[in-house]
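Next up: just one chain, as structure tokens, the form predicted alone.
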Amino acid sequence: MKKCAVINDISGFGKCSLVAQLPVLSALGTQAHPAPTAVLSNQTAYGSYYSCDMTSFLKPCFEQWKKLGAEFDGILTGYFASAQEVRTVLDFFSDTKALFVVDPVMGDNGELYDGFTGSLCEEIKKLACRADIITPNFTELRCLTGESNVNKAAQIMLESGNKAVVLTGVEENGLIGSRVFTRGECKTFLSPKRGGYFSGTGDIFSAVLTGMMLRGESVFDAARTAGEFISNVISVTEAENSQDGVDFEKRLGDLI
């Protein structure tokens, strides 16, 4: 089985981040090895929450992994609680040959999340340039490049070293999905927009994308599958509160 290091936060309530990514990767036949960047009582969309920063944990965790001789076929990163955490990841995986997928979590809807300024954003930009694949939304792609034109922004990241830029949250004619930019092609994959905003869909998207690519699928086919899975999951979600996340458990069998 392929092994994937998954570096993200974990919440007790709200099905996002590691809570969603680990079962998705497992369903895709990948051994998922988590390293939490923060531990939260519940995800932040609930309004009030308690969070424990795991910056002091991450480096000794990776040092122990090194003692174990851990080797990975894939690396997937999401939320970071500090600039130091990002630097720790960059140092530990500096020579990796693994598929490196970065979801550059920084903001959405034209605004950065609380705390995502200065050195943290700068380190995430460095990490994104190190990645094989990045999965930003419009806000994050603009933050990474300083460019509002999507095509130009994607080209900047490709020239920085990315093999593919997978832009999420693309909407056209009542459909929603992703647009995949590589150095030779650009393809858009859209599914019916089901309505509403649900937490955790970006985490699930990046996990499906990574797992499918570790299966040997192209980034285009992986993005298509990820988008279709998200659409199907939303269609069977009964959550009254969007911050609870989507009922991905009902459709995990689609990935096996």
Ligand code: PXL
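Position 1 is the first residue in the sequence shown; the rest follow in order. For clarity, every value in this text was computed on a predicted model and none was experimentally measured.
If you look for the form predicted together with the ligand, you will not find it shown, but the lines that follow are about it.
Colleague: So if I measure heavy atom distances to the ligand in the model of the complex, which of the stretches 218-226, 62-70, 184-192, 35-43 falls within 4.5 Å?
Modeller: Residues of 35-43 come within 4.5 Å of the partner.
Colleague: Quick one: is Val233 in contact with the ligand in the model of the complex, heavy atoms, 4.5 Å cut-off?
Modeller: No.
Colleague: Is Val24 near the ligand? Define near as a heavy atom within 4.5 Å, in the model of the complex.
Modeller: No - in the model of the complex, heavy atoms of Val24 and the ligand never come within 4.5 Å of each other.
Colleague: Using 4.5 Å between non-hydrogen atoms, is Val246 touching the ligand in the model of the complex?
Modeller: No, Val246 is distant from the partner.
Colleague: Are any of the heavy atoms in Gly200 no more than 4.5 Å from a heavy atom of the ligand in the model of the complex?
Modeller: Yes, Gly200 sits close enough to the ligand in the model of the complex that at least one of its heavy atoms falls within 4.5 Å.
Colleague: Can you name the residues of 7-23 that have a non-hydrogen atom within 4.5 angstroms of the ligand in the model of the complex?
Modeller: Result: Asp9, Ser11, Cys16, Ser17.
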